[in-house]
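Take a look at this single chain, the form predicted alone, given in structure tokens.
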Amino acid sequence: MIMDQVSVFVENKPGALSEITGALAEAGIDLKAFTVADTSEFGILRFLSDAPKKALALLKMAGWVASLTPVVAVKMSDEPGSLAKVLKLFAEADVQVEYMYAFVAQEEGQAYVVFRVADPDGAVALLESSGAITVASIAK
């Protein structure tokens, strides 16, 4: 399923992530998955939540530089080879993965991988047509 990911430009200093996640928590916004990419001076916090548009509005109102990005969330078995199957499917269809991050699901034996690709609709159609991959929402 295509989901809205929130991306936030974060200064690389002590307390910056705490400030952002604290503001989200105060607003009752639940983070479902996240990743941080950084350099020595700044980073980008990327996350999925139960309320991405609310999170975006809150962050912008508080002065952070933030945006929404469409990503594809894929639910798969938490076993060796599951990710390799998806990546092989993407490679064979010439789907370029810009970045990805993963986490284990609450359901036993399941995991989610979040993919940023140039054509999310095409990636979802490819995954659904493969019959081997379930595309599901994680922001429930």
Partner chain sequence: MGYYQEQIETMGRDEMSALQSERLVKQVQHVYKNVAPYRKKMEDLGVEPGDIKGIEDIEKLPFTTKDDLKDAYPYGFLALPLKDCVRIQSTSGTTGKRVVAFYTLHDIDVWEDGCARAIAAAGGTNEDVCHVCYGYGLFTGGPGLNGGSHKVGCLTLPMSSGNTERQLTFMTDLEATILCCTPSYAAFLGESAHKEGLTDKLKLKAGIFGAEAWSEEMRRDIEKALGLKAYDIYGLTEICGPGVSFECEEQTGMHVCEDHFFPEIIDPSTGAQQPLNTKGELVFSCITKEAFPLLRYRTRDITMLTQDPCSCGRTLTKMRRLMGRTDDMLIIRGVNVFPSQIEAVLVGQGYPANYLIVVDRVNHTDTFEVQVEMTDEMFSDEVKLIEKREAELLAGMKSMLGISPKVSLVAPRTITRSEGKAVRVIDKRKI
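Positions refer to the first chain, counted from 1. Remember, predicted model here, so these are calculated numbers, not experimental data.
Another form, the form predicted together with its partner chain, is not on view; read the next lines as being about it.
Although the partner is absent here, Ala93 lies well away from its partner chain in the predicted complex, with no heavy atom inside 4.5 Å. In the predicted complex, its partner chain sits within 4.5 Å of a heavy atom of Thr39. Among heavy atoms of Gly63, some come within 4.5 Å of its partner chain in the predicted complex. None of the heavy atoms of Lys32 is located within 4.5 Å of its partner chain in the predicted complex. Proximity to its partner chain in the predicted complex, taken as a non-hydrogen atom within 4.5 angstroms, holds for one residue of Glu19, Glu128, Asp121, Glu11, which is Glu11. Here is the short version: of Ala51, Ala102, Ile44, Leu89, the single residue with a heavy atom within 4.5 Å of its partner chain in the predicted complex is Ile44.
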